[in-house]
Structures are given as C-alpha cells and as structure tokens.
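This document opens with one chain alone, in structure tokens, the form predicted alone.
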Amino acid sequence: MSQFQQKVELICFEALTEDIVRLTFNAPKIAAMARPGQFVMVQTSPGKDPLLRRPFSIHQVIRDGHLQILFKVLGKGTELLAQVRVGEQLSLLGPLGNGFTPGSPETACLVGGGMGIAPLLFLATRFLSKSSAAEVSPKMPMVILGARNRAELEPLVDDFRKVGVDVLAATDDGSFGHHGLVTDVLTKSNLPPGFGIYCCGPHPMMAAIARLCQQESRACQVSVETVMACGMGACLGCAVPLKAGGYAHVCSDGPIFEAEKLLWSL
C-alpha cells in the first residue's frame, strides 16, 4: 500500500460540540488510496511543539479527493488542530495501517462508541457502494452507535442517516436512544447467525463485544486505538498483546484486527 506525505489545505471546519471537531482536507492522493479503517498521521502545528504527529482514523472520503477526520479535544495536539482555520495547510502522512475487510452489507453490524464512531462512517458508505441502488435499504448495514449524551451522539447519527443507513442509538445518560450501553443494544438485537461485527470504541466496550462474539462463534473485526509516535512501525511503541503470545503493533499490523486474536484485559 502506497503512502503519501502531503501538504493539504483545510477546506471545511465543523465544531459539532464544544470539544468535538470535524476537519475536511483537500488530500487527493491520500483519499484515492484510502480504505475504511486506515488512518493518517497529522502534523498539528508548523513548529516543533508538539514534535510528533498525531494519529487519526479516516472518518470519510468524499467527492473531489476530500478527506475528513473527527476528534475530541483532549490534549495539546488536538487543541492546536481545533484552532486551524479554512485555507491553512497542514502536513498529512497516509493512508497508514490496514483496513477493514468488508463482507456483505446484508450481514454486517457496525458498532461504535464515542470517537470510535469516526472510522465507521467511511465503512458504512463503502458497504452501501457495494450494493446496487435497488438493493439499498435503511437496514443495510446494521449500525449501533453510543456516546455519553445526546449532544455528542446526535450529529454523528445524522451523518449515517444522511447516507441512507438507519441507526440504533444508546447514551450513558439516556438523553438519546437507549439508556445504557451499545452492548445492551447489540445483545437485544438477536443478530442472526452469519452476521459479522465491525467495531471501534473504548477498550472495555470492544473487550465485551469480543467476548460476546466468541461465545456466539461470530466473526468480529476491531479497530484498535492507541498512542503512536511514528505510525509506520519504526518506534515499536504501539504494541498490543496477542492471545497466542507475543505482541502486534497497531500501526503496522493493525489498526484492524480479528478480535479473537487479541488478548483482552480490563
């Protein structure tokens, strides 16, 4: 897979909440090669502070080579990114890592929690592109999304609905959709045999879904998020333990893994 380092222009800035931001860049080379589940490393400032780039899942690839990332402001790097304005340029490196291996839209269930929702919109649109217009229905693929509250979740649910996908929602405070966890919704959905899970979110959420899928002998692909320094396997700092022993590196071996191959712990 080819990677590109591009100076890209910010063409759209969206503040979805006070601390959740979506950026759209004109990045034709990276966008042309990107697959759902891959990520980019973003230089957050023109200077050397912070020195290291920050990793972000590719949220969406849209018309004319435009690429989106979605993030929550949590530290210095994301604080700086949230101050970038339309017309400014940043350096992006990508696409990096491996991507999801999509099966049939009719037997796919996408489960996202919090900012783990970010890569699933790209995956959902890719699933829809695999079906003819006559076959597409609001239930293909099935999507379950959760977050802390309505303010964080509703704008993201709207994105999925705009592309023609229905969503089952859950919030911690019960302000939007089911009052509880996405795992509650997934369990109550009684997925038929043969449905595969595509998942990204907080570690405890993905660990619970991995255990559920193992019990049901169900295929499950997870997108693992962790701290990265280089994004290309050179620093070896993003190691995750494997069930068979040893470690894998999220940037080069992932970020998409078969859930059954990882050693899950809380």
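This structure is a prediction, so every number in the text was calculated from the model and none was measured. The first residue of the shown sequence is 1; numbering continues from there.
The following text describes the form predicted together with a small molecule, which does not appear among the structures shown.
Using a 4.5 angstroms threshold between heavy atoms, V157 stays clear of the small molecule in the predicted bound form. In the predicted bound form, G75 approaches the small molecule with a heavy atom inside 4.5 Å.
In the predicted bound form, no heavy atom of I62 sits within 4.5 Å of the small molecule. Among residues of the shown chain, A118 is one whose heavy atoms approach the small molecule to within 4.5 Å in the predicted bound form. Checking 159-167, 189-197, 77-85, 146-154 against the small molecule in the predicted bound form, the stretch whose residues place heavy atoms within 4.5 Å of it is 77-85. None of A34, V224, C220, M205 but one reaches within 4.5 angstroms of the small molecule in the predicted bound form through a heavy atom, and that residue is V224.
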